[in-house]
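Listed next as structure tokens is one chain, alone, in the form predicted alone.
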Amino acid sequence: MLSYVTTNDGKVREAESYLGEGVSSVDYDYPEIQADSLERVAAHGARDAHRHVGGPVIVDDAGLYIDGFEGFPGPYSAYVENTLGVERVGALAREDGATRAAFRCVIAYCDGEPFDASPEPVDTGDRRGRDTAAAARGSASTDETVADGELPVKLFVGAVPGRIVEPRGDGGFGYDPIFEHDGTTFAEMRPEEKNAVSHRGRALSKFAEWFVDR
């Protein structure tokens, strides 16, 4: 059984659409480090969650990256949402003409066992490096091991481009009302429509393709 560390039932349903019904949700509040990349936050969470669960786990971390703000709020998206608020972030971006943006999601997997070499596009050789540039491009996976004896974590990145608009729609959560993709905000999409194009769905798709042989 694969444990998805989340209390969001929507995330679990989305994962099941790619992985089948062998996914269970786990309510565990793992410590979320302050870091400048989603990869580091997710990897740390996956290691801690695996120690708690004692079996294969996935965690995810996601963020909104606004081009004109040099990727801000990025890994600080949740904090910025709770302090400035979604509508204020949207207003600032539109006032500055910084409307090009992307949602990114990192799925981090840990089962306590080593991994075979990544098929592509990243294999660090000594298993310790990070390729954040490849991750930013939405690459299939990266391996991350930061120190001797540290649990290996495999990362899967999904990204979806869009632009910041006036809030529209009553669905979704977080920044969904101000993020438009192909003419429709995430908050205007039905759940199945959003799942088909979302950053999380794209990361889950890559993970599912790899996990079937795990």
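Throughout, we count residues from 1 along the sequence that is shown. Source: prediction; values computed, not measured. For clarity, a rigid core is taken as the largest C-alpha set superposing within 1.5 Å between two forms.
This next part talks about the form predicted together with ligand ITT, which is not shown.
In the model of the complex, at least one heavy atom of Thr6 sits within 4.5 Å of a heavy atom of ligand ITT.
At the 4.5 Å threshold, heavy atoms of Tyr65 stay clear of ligand ITT in the model of the complex, well away from it. Among heavy atoms of Asp60, some come within 4.5 Å of ligand ITT in the model of the complex. Contact check for Glu188: every heavy atom lies farther than 4.5 Å from ligand ITT in the model of the complex.
Residues are counted as partner-facing when one of their heavy atoms sits within 4.5 Å of ligand ITT in the model of the complex; in 98-115 only Phe103 qualifies.
The Cα shift for Val23 between this form and the one not shown, taken after rigid core superposition, is smaller than 2 angstroms. In the core-superposed comparison between this form and the one not shown, the C-alpha atom of Lys206 has shifted by less than 2 angstroms.
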